[in-house]
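Given next, in structure tokens, is a single chain: the form predicted alone.
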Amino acid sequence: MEYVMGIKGKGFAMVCTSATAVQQIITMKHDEDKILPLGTHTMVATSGEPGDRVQFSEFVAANARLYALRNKSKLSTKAIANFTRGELATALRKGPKSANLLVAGYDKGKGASLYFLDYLATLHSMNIAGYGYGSWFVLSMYDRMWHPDLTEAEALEMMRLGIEEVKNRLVVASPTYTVKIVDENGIRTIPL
């Protein structure tokens, strides 16, 4: 079962995904990175059907790079989220994509941001967000723990507690997870 969570803190955004790739009842691998960098300070965490999830996130990443090359300037996190929303809305009417995304980034002068996008092209700026069965257990806990001055250490502890809760509650919980953070220094992977 997929698990995707995101937290926006003071000057950073952190996302976590289950690292298990499954096909129906068969586990294919335990090291799938479902967090794709869209630039040096923007990333997208994805969930959904593997084909749509991978193809659509790579499509968004390629278009963000193409825009940067053509215009000699990078898209902001908000612009990438809105572009992605537009593409999901267009696909909804032609060939729907079974992909849910969290777009996280850091923009100089604006700070960190976290956007929630679902397969129906719903877009919201969020402080905490998530997808998957595990999020049903974890979102209420994160809502209670989140505050505007959240530090990286506090957010990492929230992620650890969320993963622990998912492992305790779900029979089919993933044994491995990937956590990445984006801040003024760029994107980096955080070991759990």
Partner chain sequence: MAESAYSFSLTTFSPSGKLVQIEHALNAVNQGATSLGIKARDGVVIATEKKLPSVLVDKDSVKKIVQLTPEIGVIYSGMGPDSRILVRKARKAAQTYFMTYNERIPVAQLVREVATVMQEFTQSGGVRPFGVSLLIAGYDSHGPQLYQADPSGTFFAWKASAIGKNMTDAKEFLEKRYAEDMLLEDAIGAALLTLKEGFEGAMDEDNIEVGIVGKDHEFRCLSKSEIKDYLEEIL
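Every value quoted in this text rests on a predicted model; they were computed, and no experiment measured them. Positions refer to the first chain, counted from 1.
The same protein also exists as the form predicted together with its partner chain; that form is not shown, yet it is the one meant from here on.
Participant: Although the partner isn't part of this model, could you tell me whether Arg144 comes within 4.5 Å of its partner chain in the predicted complex, counting any heavy atom of the residue?
Facilitator: No, no contact at 4.5 Å.
Participant: Does Phe83 reach its partner chain in the predicted complex, with heavy atoms at most 4.5 Å apart?
Facilitator: Yes, Phe83 sits close enough to its partner chain in the predicted complex that at least one of its heavy atoms falls within 4.5 Å.
Participant: Ala79 near its partner chain in the predicted complex, any heavy atom under 4.5 Å?
Facilitator: Yes.
Participant: Hey, in the predicted complex, is Leu75 touching its partner chain, heavy atoms inside 4.5 Å?
Facilitator: So Leu75 counts as contacting its partner chain.
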